Ligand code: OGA
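The chain below stands alone and is given in C-alpha cells; this is the form predicted on its own.
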Amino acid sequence: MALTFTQLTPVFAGEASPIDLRQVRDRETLEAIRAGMDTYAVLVFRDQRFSDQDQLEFAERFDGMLHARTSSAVLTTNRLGNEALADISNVDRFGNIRAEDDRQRAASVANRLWHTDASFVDPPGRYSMLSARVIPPVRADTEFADMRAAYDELDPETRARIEGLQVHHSIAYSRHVLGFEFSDEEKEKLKGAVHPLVRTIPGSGRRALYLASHAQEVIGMPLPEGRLLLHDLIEHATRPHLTYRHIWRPYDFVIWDNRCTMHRARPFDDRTHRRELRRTTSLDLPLPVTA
C-alpha cells in the first residue's frame, strides 16, 4: 500500500499512514517521504519502535550526513555514545533525573524558546528526526511554526525590506538570553554561522523566513533595530493559525524541515517526570543517492 498523509492543520503538518520506517530502504518510499516534507514541513509517524542504531541508519538512508557539532558536545560526553544521536532527555549519564543545578539541564531550558536546529553551523540543519522513547504521564508537547506561511503573509513592504538580508546565528547567544553562559573555551567551539533571512526551499520552490532564538544580529543593521526586526518576525510567524502543537505518544517519530519551520518544547515538571527522546538532524547538503 502506498504511503499517504493526512493534514493536521489548515496550514501544514501531516500524519503518515502506518509504516515501519526501519524497513524502508527503497527509493520510491524515501522520495515519497521527502515529497511529503516539501508539502507539510512536519510529518508524524506513529509506533516507530527504533533502537538507537535503527534511528541512525534510517536518518542516514533518508538524508545523508548527520549533524554532530551540537552545543551539548562541548558541555559533556554523550551518554548514548554518538554525537549524531542527540540526547533530548532530562536524565544524566547514570540514568537519574538531572538535578536542578545541573549545567546540562540549565542549557537545555533554552529549547523552550522558538528555534531551528543547527542554524548556528554551516552547513546548517535540514531535517530533524525525533523519536519518543519515554513519555511522561503529563503533557510535554512540542510546538511548530510554518515559516513559509509566515513569509506568505508578510506585506509587500516588509518583504522588500528583508530581501537579501543576512543573519548571524549563535547558540551561545540564545543561551545567554536565558542567563546560561558558556566558557570562553566553549564559545571558541561555537562561533556561529551566517545565513540568509529569507530562503527558497528547493523541493517546493516556496520562500520561507529563516530565523529564531539563535538569530543574534542582522548583518549591516544597527544591533537594536536588527533585533527588533527579528523579534517582530518571530512574533508574526508564531500566531496561532500558523502553528501546530504535537502531543507526544510513546514511539512517535516526528520529522521536520528546519529550513522552513521553527519549534519549541513546552514546559513540564522535569524535576519529577522522566522524559527521553532521541534526535538526529541531517545537514543541508545534496541529497544521497538511494537504491
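Predicted model only: the values in this text are computed from it and were never measured. Note that residue numbering begins at 1 and tracks the sequence as displayed.
Keep in mind that the form predicted together with the ligand is not shown, yet the notes after this line are about it.
K.L.:
So which stretch, 261-269, 34-42, 57-65, 225-233, is the one near the ligand in the model of the complex (non-hydrogen atoms, 4.5 Å)?
P.N.:
Result of the contact check: 261-269.
K.L.:
Would you mind picking the one in Glu153, Glu181, Asp122, Asp141 that has a heavy atom within 4.5 Å of the ligand in the model of the complex?
P.N.:
Residue within 4.5 Å of the partner: Asp141.
K.L.:
Could you check which residue among Ile171, Leu130, Ala107, Leu197 gets a heavy atom within 4.5 Å of the ligand in the model of the complex?
P.N.:
Checked against the cut-off, the match is Leu130.
K.L.:
Is it the case that Arg279, even though its partner is missing from this view, gets within 4.5 Å of the ligand in the model of the complex, heavy atoms only?
P.N.:
Yes, Arg279 is a contact residue.
K.L.:
Can any non-hydrogen atom of Ile88 be found within 4.5 angstroms of the ligand in the model of the complex?
P.N.:
Residue-level check for Ile88: yes, a contact with the ligand.
K.L.:
Does the 4.5 Å heavy atom contact test between His115 and the ligand in the model of the complex come out positive?
P.N.:
Residue-level check for His115: yes, a contact with the ligand.
K.L.:
Check Thr158 for me: does it contact the ligand in the model of the complex (non-hydrogen atoms, 4.5 angstroms)?
P.N.:
Answer no; every heavy atom of Thr158 is more than 4.5 Å from the ligand in the model of the complex.
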